[in-house]
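One chain comes next, on its own, written as structure tokens: the form predicted on its own.
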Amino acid sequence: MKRTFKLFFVSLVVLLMTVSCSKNSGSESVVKFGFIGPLSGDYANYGTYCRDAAKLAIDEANKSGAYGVKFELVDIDSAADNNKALAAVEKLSSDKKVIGILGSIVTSETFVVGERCQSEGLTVMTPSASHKDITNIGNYIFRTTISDGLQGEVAGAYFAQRLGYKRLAVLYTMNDYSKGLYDGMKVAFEATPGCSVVIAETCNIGDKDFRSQLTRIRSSNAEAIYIPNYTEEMAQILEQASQLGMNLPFLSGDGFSNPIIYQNAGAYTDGVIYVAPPQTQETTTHDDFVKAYTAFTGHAPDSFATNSYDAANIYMAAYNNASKNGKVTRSSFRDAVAATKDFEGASGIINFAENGDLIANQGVYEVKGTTPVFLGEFTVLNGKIIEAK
């Protein structure tokens, strides 16, 4: 009898230990998010800022244990190359633990990533690709940055109606991002009577010399020049314009919000006016993020890094919400992301339109030396620029 009891007791202890280990193993299950973006090359500053922000969000969630699972970010360097971005999607989509992708960062490769992910039924959220047609790819595509459609519309209306320009010159790169901003701005600018783009010059990705285009612009009767490009091109354009003795005012888009521009061309940035996401209200969430990101990376975040941090947090919250209804599939995860409502992010309160676009206004900034000064938050109503209150 005693021997039987002892055997029963030992068996019970082993059973309890097995159950305990099983629970611990379950709590350590891993949920993966992919990240695709340039981590090397001319546009690496955009990719690394966004990757590091997503890593920070995931590290914070894992340390807090708030969701009961471990999240992991699998980052792949696309080097702003469409073929490498496509290869990254194929690798990530084959891993069934990858429930969604953050990125891509550069607009042209985001089209490639988005189209493949839509066909795979894999959610994508970009913090920076703003071309208006990105979210037209399908219902698995979201973004935490503002569409070029709105940015271009605000830019064109603001340049005409608030700055009073009648004749603009443009120098844009032949990529989806820059051309998308130019197209939207031109339509809105020329919608104001008497306003026109008098000269539009182009350059190719990787160009370093812009003197020929700038010389032609200098000979035009333009009152200002719009350069809706990435930092690498804009820094050289500003420097070379100064070397040519040009004194036209410069205008730009959200690519100018990256602090690298002041490292590369700080002597030439004074007076630039650009349109980008509105200035973030100094909420506790925002302030905590800036402090944490600066400690994590050694430098302050830009607007795209802020968007990436929010995107990662939206993903984790969506996974948690989807898990309440059983096993999370890529489809149920997508539905949970789409159901996001009044999410308190570092960039403010986030809601998505039915097509996956971020619902927001646009901000306008003027650079004083190397310091952007927020001029206000704007939208366009019936063709008129209005300041959001």
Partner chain sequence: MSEFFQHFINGITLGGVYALVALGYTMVYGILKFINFAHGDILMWASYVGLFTYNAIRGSHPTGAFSVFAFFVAMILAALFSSVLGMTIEKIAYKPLRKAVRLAPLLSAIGVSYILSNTAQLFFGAHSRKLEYPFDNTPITGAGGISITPHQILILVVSGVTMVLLMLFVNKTRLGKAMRATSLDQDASSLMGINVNNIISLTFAIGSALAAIGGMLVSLDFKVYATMGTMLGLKAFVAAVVGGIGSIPGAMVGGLLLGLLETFGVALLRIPLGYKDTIAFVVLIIILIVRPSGILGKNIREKV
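Basically, rigid core = biggest C-alpha set you can superpose within 1.5 Å across the two forms. Predicted model, so just to flag it, every value in this text is computed and none were measured. Numbering follows the first chain given and starts at 1.
The discussion below concerns the form predicted in complex with the partner chain, not included here.
Remark: of stretches 338 to 346, 316 to 324, 56 to 64, 35 to 43, the one touching the partner chain in the model of the complex is 35 to 43 (heavy atom within 4.5 Å).
Residue contact with the partner chain in the model of the complex: K166 places no heavy atom within 4.5 Å of it. In the model of the complex, at least one heavy atom of Q236 sits within 4.5 Å of a heavy atom of the partner chain. The shortest heavy atom separation between R218 and the partner chain in the model of the complex is within 4.5 Å. The closest non-hydrogen atom of D288 lies beyond 4.5 Å of the partner chain in the model of the complex. Checked against the partner chain in the model of the complex, the residues A224, L244, V198, A191 give one hit for a heavy atom within 4.5 Å, which is L244. I260 is the sole member of V187, V98, A292, I260 with a non-hydrogen atom within 4.5 Å of the partner chain in the model of the complex. In sequence order, E201, T202, N204, D207, K208, D209, R211, S212, Q213 are the residues of 187 to 213 having a heavy atom within 4.5 Å of the partner chain in the model of the complex; the partner itself is omitted from this view. When two forms of a protein are overlaid on their rigid core, residues whose CA moves 2 Å or more are considered shifted, and G194 is not one of them between the shown form and the other one. Relative to the superposed core, E153 undergoes a Cα shift smaller than 2 Å between the shown form and the other one. Superposition of the core reveals a Cα shift of 2 Å or more for P38 between the shown form and the other one.
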